[in-house]
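What follows is a single chain, given as structure tokens, in the form predicted on its own.
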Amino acid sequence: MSKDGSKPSHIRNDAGIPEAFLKPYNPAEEELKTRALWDESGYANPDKMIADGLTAPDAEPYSIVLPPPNVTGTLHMGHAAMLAIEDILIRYARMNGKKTLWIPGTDSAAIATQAKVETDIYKKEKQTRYDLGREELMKRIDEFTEESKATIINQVRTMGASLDWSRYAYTLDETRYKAVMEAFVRMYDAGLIYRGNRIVNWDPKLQTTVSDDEIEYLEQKDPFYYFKYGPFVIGTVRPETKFGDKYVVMHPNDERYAGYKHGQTIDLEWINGPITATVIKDEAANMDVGSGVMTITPAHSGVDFEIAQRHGLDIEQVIDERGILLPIAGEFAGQHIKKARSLIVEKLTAKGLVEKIDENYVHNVATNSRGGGLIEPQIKKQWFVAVNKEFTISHSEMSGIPTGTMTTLKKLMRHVVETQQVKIAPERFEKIYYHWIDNLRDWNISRQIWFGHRIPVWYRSDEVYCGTEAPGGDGWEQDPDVLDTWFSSGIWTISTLGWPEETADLKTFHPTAVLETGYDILFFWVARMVLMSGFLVGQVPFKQVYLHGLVRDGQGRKMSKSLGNIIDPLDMISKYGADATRLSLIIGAAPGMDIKLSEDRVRGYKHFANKLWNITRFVLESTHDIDVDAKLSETDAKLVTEAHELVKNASKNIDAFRLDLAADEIYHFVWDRFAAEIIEESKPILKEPGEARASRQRMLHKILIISLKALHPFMPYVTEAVWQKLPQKDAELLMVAKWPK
């Protein structure tokens, strides 16, 4: 009541409650209505927030680019965790008055996408890509990706992700194409992109090179063979590669072989007869493994190739691109390596050259995670980014390095983390980042597939032309290869903001605030974004890296189809709601730590959404005649202060990327303190009219408002649904309400 006895029009004066609260919380029903409200408002767009006076034009910018999901499938729990974390950060920043932008996008996932489409076509039509031709295959892939993109976008929206869809990007759209072409040309002109023969990961199944980032190591049991190689014993799991082995390598400090000199030759009997082997002293030989001696196959091993490069040794190809043995294999030439292995061992056994065989050798086998094929290292003429080549800083200042300074991309990647221009959370991953950078080889960026950004290089006789457009004149032929998907992903923070154009978005929102991703791609994507952004615009791509762990099943096992333990986020949302699914992925998930997830865990947080719904019903029932001017008693004022202290601590944890602690603290306050204690203690007070009741009503209303705001970034749907039914509130939408101070 006001002082003159009248009731303000905005105060609800009936004893009832909104009809929705007469039944349990229904996530499916409320989430659809709530998402429609958010979409209609347009407030995920910072321009709309400014236009409507909800964000100051000069407010601090806060931006995130969504790590783009691949268009090859549907969202999994790892995606769901990523979306939940980033949405928490974005909603929290928006409620704190920042100029907030979260850019959505999808990734072409070139190799995986082409492999899936090719496989489907072959199953249905028994036709290969060569039967169809490049144009028809591209048409089929485009149809598949358009359908897949629509599916993924709908799934992302279902999670409640507060993304600005007006700025949606796709790694192969026209804007990103222009950016990729410009990036390639600039790096080529600076001498940082070159074409040369080097060892690469070759997939005989898909007939293309594969990025280090796309290699998946699968545990496998195979025989390990110990062969007599003259006076030495060598070990291998791959006898089929040994035909060209004519160098025996030992560590220069290995006293067992002190009598052998570098360059010394030894005559010995080998697979197809007598050969002359040369002794090579190199520190790559491991004195502590086996005999400490190894032979090398430079054409089919990265380590062996580097040894050969250091000592100027001959390099002979033994296996072709299809996995077939070449003439160097003698009588085994023309056979596939799988078939030939046992036959080679038979021959060596007959010659008395098999020392022993370990039948239970367990090792990791490199496979293409995008297509499943076994990787066969090959020397191929490919395009590379030179990470160790020096170039001159041409920007006015590049990540704190003065103009004119000579540096390398590898040094640049190290420098920005050492100087804390890019901070990594958890900090322990910094050491892993440095280790990966220090061992980084030139980056192979060309792929022998048809789907992707085609390399902007043309040839005519001995002429080579590189440009964003095709050269004039007749007789030019474009390089048939396409670029590694990670090349376009490497410029994601700048291309999504409009680079190479000097857009307002680029000036305002770059560097982005944070890159949130799984720790398993720290080295691949994060480092390459630092490399590309540093060279192209002289800035770090983001100020903070936040690494989440893997989502495992309730027993701590990796989720996989073979184990039958995959938990589909959309199934969980359908059963228990998006809020429960999100909270199950946040509470207990410290940065960089894996989380165990079960359906029971998700179900438990559905009960919490119901609890919040019931808390609101009680507060609305108890405060229908609230006096908004009532003075708080000392006890009630302390309770409100307690709620504010909760938010203060939660804010500190969110700022420190401990979302797990913030969510847990708010959860327990709402359930254990507010519902179980404060509300229970309030029931007798609310039965007696007077100042104590008026004070208690106002306190309950205040704590409900504080609780809803604090919970909103974590559980946006139920909190917004409740907010829309409140008679007194300080913002039309909870998503744009001010964070409690």
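All values reported here derive from a predicted model rather than from experimental measurement. Residues carry their position along the shown sequence, with the first being 1.
Keep in mind that the form predicted together with the RNA is missing from the display, and what follows is about it.
Scanning 559, 506, 353, 615 against the RNA in the predicted bound form with a 4.5 Å heavy atom cut-off leaves one residue, 615.
For the options 149, 167, 140, 611, the one in contact with the RNA in the predicted bound form, meaning a heavy atom within 4.5 Å, is 611. Proximity of residue 658 to the RNA in the predicted bound form falls within the 4.5 Å heavy atom cutoff. Though the partner is left out of this view, residue 680 does reach within 4.5 Å of the RNA in the predicted bound form, counting heavy atoms only.
Proximity of residue 318 to the RNA in the predicted bound form falls outside the 4.5 Å heavy atom cutoff.
The closest heavy atom approach of residue 428 to the RNA in the predicted bound form falls within 4.5 Å.
Segments offered: 328-336, 197-205, 74-82, 217-225. Contacting the RNA in the predicted bound form at heavy atom distances within 4.5 Å is 217-225. Taking the RNA as positioned in the predicted bound form, the residues of 416-448 that bring a heavy atom within 4.5 Å of it are, in sequence order, 428, 431, 432, 435, 439.
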